[in-house]
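A single chain comes next, written as structure tokens; it is the form predicted alone.
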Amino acid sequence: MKFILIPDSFKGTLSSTQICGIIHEKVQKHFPGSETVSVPVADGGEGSVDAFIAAVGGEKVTVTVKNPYFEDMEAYYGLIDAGETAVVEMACCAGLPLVEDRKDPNLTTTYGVGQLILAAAKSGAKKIIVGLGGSSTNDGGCGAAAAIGVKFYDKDGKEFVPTGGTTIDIAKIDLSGRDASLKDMEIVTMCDIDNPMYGPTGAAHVFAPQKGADETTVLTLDEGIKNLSRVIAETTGKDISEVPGTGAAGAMGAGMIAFFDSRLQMGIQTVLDTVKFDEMIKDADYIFTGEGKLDSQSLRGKVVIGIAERAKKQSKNVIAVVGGANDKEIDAAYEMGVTAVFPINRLPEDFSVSRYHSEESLAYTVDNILRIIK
């Protein structure tokens, strides 16, 4: 038999790689010699490069870039598909853990992300996948843009590199100096949220508080992103402020469209395309997937549903093993291609208790599913 293992992580408890390992072990116990294909899912955040390399093979390339405070640090990108595709995760040089007790989205920058993208482009890759998530920034991707040659000017004509607190000062943007190595480069940005650039559901209001912003700072950051949106529209002739996902990662989603000519795409669709999922499952008997909680967010095309919709076209069995499930959403999940949903929690315990038993709970649940199949 052939089993495809393609789960998302159970946030805060098990990584997708750990989950693949547990399911693989149980498959070999009940169906010795069966083929298992493990695809740890990358959601764009921390660990995305490792997940892609684990799924399809490849290598990590280390580069010296700027951290969120313009200080030198060692970061990396991944090369897969024999060097044809590069994977960049924003979190490895602009992530929240990097600022530790210095959280301040007024001052942090995505400059290092631009340096990584540029290094990946110069490596000879023909396509770059950029993962958004876990950022400490709210600069609309201006730092990253500056790193590839985009110039920003204030009302006095002085050039500067905007951070979250100075996006309000942008009066003019010049795209003409963009590095030539990015010309005709295909750049896909993994983005699983649909927030606009600014406003009540925008980058600053929704995400800046966790990055260290108080109420006053949130308002000034929001005004800054609104100003950035206006100048982008003046420069490119396109108002992208309401495009779903432009508010992702401190409005980095907007920056990827405006400065890198990238398209935003759901993370799972990027993963499925990259691992050639449609081809992979042609002779598969069962597909195991899962996530921490199956809920209304899941139905908007995240991991489980993204997989199920593709598998449904080939009439494949999709088993979702999840931390928890909202009963209201399960029928809809079935209609979208999920064959069965199995929450792993075996006792009526609060998450604060059950989270410490996630490994054995998952193993017991998968063991039982495989017993039924056998």
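Bear in mind that the values here come from a model prediction, so they are computed numbers and not experimental data. Position 1 is the first residue in the sequence shown; the rest follow in order.
Quick note: we don't show the form predicted together with another copy of the chain, though the next part is all about it.
- Contact here is defined as any heavy atom lying within 4.5 Å of another copy of the chain in the predicted complex, and by that definition each of Gly323, Phe342 and Asn368 is a contact residue.
- Look at 57-65, 32-40, 332-340, 303-311: in the predicted complex, residues with non-hydrogen atoms within 4.5 angstroms of another copy of the chain sit in 332-340.
- Put simply, Thr17 is far from another copy of the chain in the predicted complex: not one heavy atom of it is within 4.5 Å.
- Another copy of the chain in the predicted complex is not approached by Val27, whose heavy atoms all lie more than 4.5 angstroms from it.
- Though the partner is left out of this view, Lys293 does reach within 4.5 Å of another copy of the chain in the predicted complex, counting heavy atoms only.
- Residues Thr339, Ala340, Val341, Phe342, Pro343, Asn345, Arg346, Leu347, Pro348, Glu349, Asp350, Phe351, Ser354, Glu360 are the members of 335-363 with a non-hydrogen atom no more than 4.5 angstroms from another copy of the chain in the predicted complex.
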